[in-house]
Structure formats: C-alpha cells, structure tokens
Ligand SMILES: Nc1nc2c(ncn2[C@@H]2O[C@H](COP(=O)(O)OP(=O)(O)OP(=O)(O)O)[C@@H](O)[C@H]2O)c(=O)[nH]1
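One chain comes next, on its own, written out as structure tokens in the form predicted alone.
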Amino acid sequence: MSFFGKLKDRLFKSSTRLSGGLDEIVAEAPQTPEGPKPGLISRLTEGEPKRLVDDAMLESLEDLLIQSDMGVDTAARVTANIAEGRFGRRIGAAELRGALAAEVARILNPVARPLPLYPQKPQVVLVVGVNGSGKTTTIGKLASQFRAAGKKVVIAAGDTFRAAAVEQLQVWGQRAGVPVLTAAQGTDPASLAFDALTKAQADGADLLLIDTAGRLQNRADLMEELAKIVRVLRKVDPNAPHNTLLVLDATTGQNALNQVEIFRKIADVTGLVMTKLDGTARGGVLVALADRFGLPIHAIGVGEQIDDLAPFDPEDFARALVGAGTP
C-alpha cells in the first residue's frame, strides 16, 4: 500500500464523516410543500448529482465542518472561500470534495515543516503535553527515526513521578535501540535533565529527547517545573532547549486548542505533533490548530507501530481527510 493509501486508511473515521456528509449535502434537495424546489438539484446523464451552491447549501457545509472539529471560525472561512467563484452554479460531490481538500491544504501548507535539525550537538528536544496525549510513544518513534537516519540519540525520562511513564519509555527505548536515562522515582526532573544533557555531551550524542510530566490540574506546579528544567539546561547550554514539541491527542477534539493556549504560556512551544488520528473522527481539529495558531506541525501519529509517526504532508492529509483520491 502506498503512503497515501495508508494515510487514507488510518483517517477513515474522519474521512467517513466528512465525505459522507459532502455526499449528503449535494444529494439533498431543499423541500417546499409541493416537493423539491425546481432547479436546485440536477442529475447528469451518468447519474452524478449536482446541487446549486446557495445559502442553504453553504450553511449545511459550514455545519458539517464544525461537526468535524474544524471550529466555527475556520469552518466559516473555508466555506466562504469555497463559495467564491462557485455561488449560483451547480456543483457535484467530487468537485466539492476537491475544493474542500484544496482549502484545507491551503491552510496547512504554511505550517507543514519537518523538525529542524541544527549543527549544535546535542540538540535538545523538550517534549511536553498532557498525560495520555502520546508523548512517550512519540518520543520512541522519533528516536527510532533519527537513529535510522544515522543520528546518535539519547532519551531522558523526565516524568520522574510516574513509574509507569518511565517503564513505558524504557520499552520504547529498547524498540528504538536508544538508551533511556532514568532517575529514582520522585527525583527533581530538572536534576535529571541536567545529568542527561551532561552525559549526552560527553557521549557525543546528536539529539537528546526529554520527556516531561503533564499534570494540568496542577498548572502552576507544572509551569514552575518546566521553567526550572529550562533554567538548568541553560546552565549547560545557553541555547537549550532547541525545540519544544507539544504532543496533542486528536481524540480530544477542540480541547486540543485549549491545550495549545495553556502550553504556550507554560513553555515556549516551537512545534506540534498530533497523535491518535487513526482512532477518531475529529481529524479536522488539525486544520483549526493550523488556522488559529500557525505553529509548525512536524508529524502526525496514525497508529501504534514504531513507524506510524509520519512526516506531515498537507496535500496528502487534506485529500485523505475529505476522502478524495490521489491527485
């Protein structure tokens, strides 16, 4: 299966909601007491329904995009752009799907960027996010990819208060063939970060990936914990961390936007990774995130396997999201 085919398969829940909704919008003829309004829907000789692009049709489209977690503002903007140049003429489902894919890609293109690699060694990547968002698996997958690219990688298990988090990270470290630095439960995470960076420097590592806690119910404590980690890292390297990745769980839908707001205040977030897109119909939230914040989106998680963290391709994602075929 091609990568696009795999992506389309993994985005099945999201694309089913959107694609099915688009088909219904085109096939739906607004009713009057006498029946369907004449001229609002027509059928070509080969059987493809076409519907007039009017206010009612656009309202249905906007509602569908909101239900797909694109958010009210983004849905309104996308709908208005699709209407431009099409209002008053008939459109089929395939054309509507293509127009929506183009609008989604237009929003996503400016933010689709790979994780930047710098000559500084070790490059410190601080990974933040709420517990359960997929931070640990993302770190393991990133470590595997960088190691496969010939990089020497070290992982630091910075969520020192949850033994399960450390154990899970060790499992992923073994899968990736990358060492995981740990400390006794309850150790100051900043102390571990300091030791990890010092060791990574001594070992000539290319990258140091640092896991962190994600206890948003203790927001003030988490803010101070992350701030302390950054202060301590900068005693070793004034430019560290070089990247701060926020990992978001797609199944949380619009709540992901709230998490971005919070973590931008807590930490200097430089880029996003979205996980669990294969398990939700809320894939449209990625479009809302791009439209609202403009933060780089480095990768998306589309499964549990170690190679299921994919570079973010906006064109492929847009077409898979709306159920369109390959260009």
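When you see a residue number, it is the position in the sequence shown, counting from 1. Every value quoted in this text rests on a predicted model; they were computed, and no experiment measured them.
Just so you know, the form predicted together with this ligand exists too; it's not on screen, but the next bit is about it.
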| item | value |
| --- | --- |
| This ligand in the predicted complex reached by all of Lys135, Gly214 and Gly303, non-hydrogen atom within 4.5 Å | yes |
| Contact segment among 81-89, 186-194, 154-162, 104-112, judged by heavy atoms lying within 4.5 Å of this ligand in the predicted complex | 154-162 |
| Thr275, heavy atom within 4.5 angstroms of this ligand in the predicted complex | yes |
| This ligand contact at Ala75 in the predicted complex, heavy atom, 4.5 Å | no |
| Contact test in the predicted complex: Gln174 vs this ligand, heavy atoms, 4.5 Å | no |
| This ligand contact at Val130 in the predicted complex, heavy atom, 4.5 Å | yes |
| This ligand: the contacting residue among Thr244, Gln145, Thr252, Gln168 in the predicted complex [heavy atom, 4.5 Å] | Gln168 |
